[in-house]
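A single chain, nothing else alongside it, follows as structure tokens in the form predicted alone.
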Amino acid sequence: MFRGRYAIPAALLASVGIFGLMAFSPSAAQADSTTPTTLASAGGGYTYPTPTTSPTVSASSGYGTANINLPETFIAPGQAIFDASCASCHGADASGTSRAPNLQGLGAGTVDFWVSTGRMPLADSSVQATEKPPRFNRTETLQIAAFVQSKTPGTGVPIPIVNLSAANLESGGSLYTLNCAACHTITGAGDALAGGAYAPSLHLATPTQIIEAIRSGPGNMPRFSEGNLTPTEAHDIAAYVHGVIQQPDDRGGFGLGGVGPVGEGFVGLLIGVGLLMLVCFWIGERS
């Protein structure tokens, strides 16, 4: 009798606990890869397919200063993909329509961010674009970016070469707290903004996407030029997000998904209310 009365609440608590731990356990961001050949100096997860022509690096001195030069051979296939999947909203020459904005002058990095995160193509232009599995593989994404970039060569946000090996995590943490945490929260879990908008979670963003977002300012996010954040500082932030936020050292045991008070409150309710319920059953059993 005694065991039977405790079995149901104990099983309920265990089920809720297991569900909560699974729900608050996002995976760390993976490298942007669809093929086996890696550009050695790229860092940050860029891989390119063979035997097609690979992008080249525009600079290599110092960390955080190199960008990718997309080959001209990417433009034609990129135009074909753009015509099939993007032109109905952005126009055949990417100059925009009443349904979607002008893409000319934004740069390959801006296009790469929106397409590689799955935010584009967007089915409903009246809602905030959400991150989802990308429709196009890495090569196709770069081809689309090359086509749009070809409309205004040399302008806009480039695709950065990300190398975090020399990044300063302490500097990145300070810069993230000052410039990013107010919207994305100190744990990178994201938060609601005014007008029904929201700052997305950073738990799945790649280092390349982080820097592209810093430079292009997608959605409601402000755009940080090199006058606001130097290339080195942008890489420090990307290293902090990719390392400390996405791969935390949970010395206390469970990381609870790195969502701060939400996960902690869940565990507090689970343990506090759960134990209280068991105590009440025990008191009732004794009486």
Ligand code: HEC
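From 1 onward, residues are counted along the sequence shown. Because the structure is a prediction, the values reported are computed rather than measured.
Although not depicted, the form predicted in complex with the ligand is the subject of the following passage.
Note on the interface: of 163 to 171, 149 to 157, 69 to 77, 108 to 116, the segment with non-hydrogen atoms within 4.5 angstroms of the ligand in the model of the complex is 108 to 116. Using a 4.5 Å cutoff between non-hydrogen atoms, P248 does not count as a contact of the ligand in the model of the complex. None of the heavy atoms of S95 is located within 4.5 Å of the ligand in the model of the complex. Although the partner is absent here, N179 sits close enough that one of its heavy atoms falls within 4.5 Å of the ligand in the model of the complex. Mapping the unseen interface onto this chain, P121 counts among the residues with a heavy atom inside 4.5 Å of the ligand in the model of the complex. If you take 141 to 175 and check each residue for a heavy atom within 4.5 Å of the ligand in the model of the complex, you get just I144.
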